[in-house]
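Next comes just one chain, in C-alpha cells: the form predicted alone.
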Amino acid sequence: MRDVIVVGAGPAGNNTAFNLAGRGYDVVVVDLTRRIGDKLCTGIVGRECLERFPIDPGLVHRDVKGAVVAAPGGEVVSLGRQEVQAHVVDRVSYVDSLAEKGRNAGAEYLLGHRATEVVPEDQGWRVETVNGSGGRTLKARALVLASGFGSDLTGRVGLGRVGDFATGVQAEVMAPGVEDIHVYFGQGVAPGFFAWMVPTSGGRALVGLLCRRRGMGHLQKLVLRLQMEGKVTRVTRAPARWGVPLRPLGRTFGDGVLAVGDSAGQLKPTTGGGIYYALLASEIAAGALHRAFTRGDLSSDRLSAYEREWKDLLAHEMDVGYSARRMFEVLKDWQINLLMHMFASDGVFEELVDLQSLSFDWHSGVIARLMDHPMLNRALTFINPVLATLAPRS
C-alpha cells in the first residue's frame, strides 16, 4: 500500500509528488505519455513564477518585456516595460525538470500508463492502469488527480466536471525575424478571445488562439494571413487542439482525494495560462495531505482545508478574471477597435503599464483599475450601457 498515487505528470502532478516525496512519503506518478511535458502550451511563464520555481537558464528561450497588440481594424499598439515581465521557456524540458526533482526526492514514475479505473476502498484508493504490455494495479491511501482538463477521472470520484471551457489550437511555424510576441483580436481571428504569435528559438514561433468553436479553421486563416504579411514562411508542426477550463471544479476534495491544476480548473480565465497557479495549488495540496497524514485523518472534512487555502489565494483572481473574460466575449469588432483607439490616443495603455500593481499573473488589480477608469466607463456606457453596470471590479 503506497501513500499517494498522483495521476498526471504535468506541473501540478510533478510538484505535488516532489513536495510529498521530499517529506518521506511513498509516491507514484502515473502518466499516459512517455514524454513528460509534451502538451500544447505557449510556454510563457511570469517572472514571479520562475523566481519562485526556478529552472536552468538554458531552458529559457527569451525574456519578455511586452507585446504588440493588433485590433480587428488593423490598429497596432506596442505595450511594454523596461523590466522583464515574463519568459518564453522550453515547456517540455521545464516540466521534465520538475519531474526530475520528483524522482530525485524519491517518487516513482510510471510513464506510458493510462489510469482506466479509480476505485475507493476501505483503506484508500485502487487505480488500474494499462499500457502496451498489459497493466498494473496500484493502491494508496490517497489519490491526487492532476491529469489535466478533459480527463473523466474527476467525475468518477464524485468531484464533477469543469462547467465552462474554451478550445485552444496551436501550430509551430518558421517565423524568421519575428522577435516580439504578437496578440490579435477580432471576430474573424479568435471570436470572443485572442490569438498569438510567440517566437521561441531558431527562427521558430508558436501561432495559436483560443475560441469556442471552429478553432482549426480560424487558425488556418491566421497562419495564411501571417504568411501573406511575410511574418511566417511555413508550418513546421501540424496544428493540434486542447481544452482550456475557464471555471474551477465546484469541489476539489473528497475522502482521500484532491484535484489539482487543470483538472481542478485552476488557471487564469483571462489568458488560459495555468502553470503558475498549478504549481501554487500543488504546494497547498501537498501541505494539506501532509497534515492529514500526520493526524491519521484523510477524510473529506480534513482535506477540505486544501480547497479553503487555494481559494484564499486564487479564487478572487479567477472570479474577477472570468467576469472580465465574459464581458470581453460579447464585444463586437467595432467596439474593440473603439476601445483600443481610445486607450492608445488618451494614454490609458501607458498609464496601466506604469502601474506598480501590473503583473503577468495577478490580474484583478489591473482589471479593477481599468474598470474604474472614467474614460473606460464612458466608453462602455456608449458601447453598451448594460456592460458598464456589469463590469467586474475588485
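Numbering starts at 1 and runs along the sequence shown. Keep in mind that what you see is a predicted model, and the values were worked out from it rather than measured.
Below: the form predicted together with a small molecule, not depicted.
Undergrad: Indicate whether Ile367 is a 4.5 Å heavy atom neighbour of the small molecule in the predicted bound form.
TA: No, Ile367 stays farther than 4.5 Å from the small molecule in the predicted bound form.
Undergrad: Given that the small molecule is not shown alongside this chain, does Gln335 nevertheless sit within 4.5 Å of it in the predicted bound form, heavy atom to heavy atom?
TA: Although the small molecule is absent here, Gln335 would stay clear of it in the predicted bound form, with no heavy atoms inside 4.5 Å.
Undergrad: Check Gly215 for me: does it contact the small molecule in the predicted bound form (non-hydrogen atoms, 4.5 angstroms)?
TA: Because no heavy atom of Gly215 falls inside 4.5 Å of the small molecule in the predicted bound form, the answer is no.
Undergrad: Residue-level contact is defined here as any heavy atom of the residue lying within 4.5 Å of the small molecule in the predicted bound form; does Gly261 satisfy this criterion?
TA: Looking in the predicted bound form, residue contacts with the small molecule include Gly261, since a heavy atom lies within 4.5 Å.
Undergrad: Taking Cys41, His113 and Gly148 as the candidate spot, are all three within 4.5 angstroms of the small molecule in the predicted bound form by heavy atoms?
TA: Every listed residue reaches the small molecule in the predicted bound form, so yes.
Undergrad: The chain here is shown without the small molecule. Which stretch in 174-182, 67-75, 266-274, 312-320 comes within 4.5 angstroms of it in the predicted bound form, by heavy atom distance?
TA: Contact criterion met by 266-274 only.
Undergrad: Taking 4.5 Å between heavy atoms as the contact cutoff, choose which of Val232, Val244, Leu219, Ala288 touches the small molecule in the predicted bound form.
TA: Comparing distances to the small molecule in the predicted bound form, the residue within 4.5 Å is Val244.
Undergrad: In the predicted bound form, which of the listed residues (Leu32, Leu331, Leu59, Met342) lies with a heavy atom within 4.5 Å of the small molecule?
TA: Exactly one residue meets the criterion: Leu32.
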